[in-house]
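Just the one chain here, the form predicted alone, laid out as structure tokens.
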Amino acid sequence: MYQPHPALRKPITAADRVLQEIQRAIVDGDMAAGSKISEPELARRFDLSRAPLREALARLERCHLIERIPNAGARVVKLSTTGLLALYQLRENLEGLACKLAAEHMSDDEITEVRQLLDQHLSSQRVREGESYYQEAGDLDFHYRVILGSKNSYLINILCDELYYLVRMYRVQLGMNGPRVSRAFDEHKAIITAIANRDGELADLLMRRHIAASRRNIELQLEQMGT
């Protein structure tokens, strides 16, 4: 049975709460990429004292959503072609490995749940028309569920803690449109079928191709923006 990763569970401390709120604001673009971080402004916005705010900012830095620039302070990370390529090279290899391990370790019930998740995606969004394919974070995200299915704690920590929200930032702000939407959905279906068939090599290959195609889609958008 699926269990949410600790990073996606309900916040416990004030720092947990503000971390999740700032994560959401950065991923959704409410805090613009490249914008300066003002601790006094954030403290007022989230009604928080400086100590838990600084703890939250330190955690955001560890998951690469903010960066500290010498003599310029902290800023929201910028979306760039260079950053995308570095991130997606790593993602392609690690998520491919996660698929290979998921084919070995996911239970039949977990596979059924992921297939049901994809059915929900198809029924609740205009995937076939190429209009949208937005996935919420955590248990409603196909990639997140497959990563957890690897049952490899080190891989899960890297992909679900350290890199997850930076990946989501690119996916949400520079997401899919047009023919890529329905193709991405079909690729998800093919990946879970390979996992269900316990064909780890094929699942690995399909995920690598899927992420490479997503990277090319986002790269094109960045080029059009001149980033």
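Every value quoted in this text rests on a predicted model; they were computed, and no experiment measured them. Start at 1 and count along the sequence shown; that's the residue number. The term rigid core refers to the most C-alpha atoms you can superpose between the two forms while keeping them within 1.5 Å.
The following text describes the form predicted in complex with the DNA, which does not appear among the structures shown.
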{"query": "Proximity of C63 to the DNA in the predicted complex, heavy atoms at 4.5 Å", "finding": "no"}
{"query": "Residue contact check: A212 to the DNA in the predicted complex, 4.5 Å heavy atom", "finding": "no"}
{"query": "Residue contact check: L205 to the DNA in the predicted complex, 4.5 Å heavy atom", "finding": "no"}
{"query": "N197, heavy atom within 4.5 angstroms of the DNA in the predicted complex", "finding": "no"}
{"query": "Contact check for A15, K36 and A51 against the DNA in the predicted complex, heavy atom at 4.5 Å", "finding": "yes"}
{"query": "Listed range touching the DNA, judged in the predicted complex by heavy atoms within 4.5 Å, from 154-162, 38-46, 197-205, 183-191", "finding": "38-46"}
{"query": "C-alpha of N197 off by 2 Å or more between this form and the one not shown on rigid core", "finding": "no"}
{"query": "After fitting the core, A72 CA displacement of 2 Å or more between this form and the one not shown", "finding": "yes"}
{"query": "N71 and A56, C-alpha gap in the predicted complex relative to this structure (3 Å or more)", "finding": "closer"}
{"query": "Sense of the change in Cα distance from I69 to E219 in the predicted complex - at least 3 Å versus the shown form", "finding": "farther"}
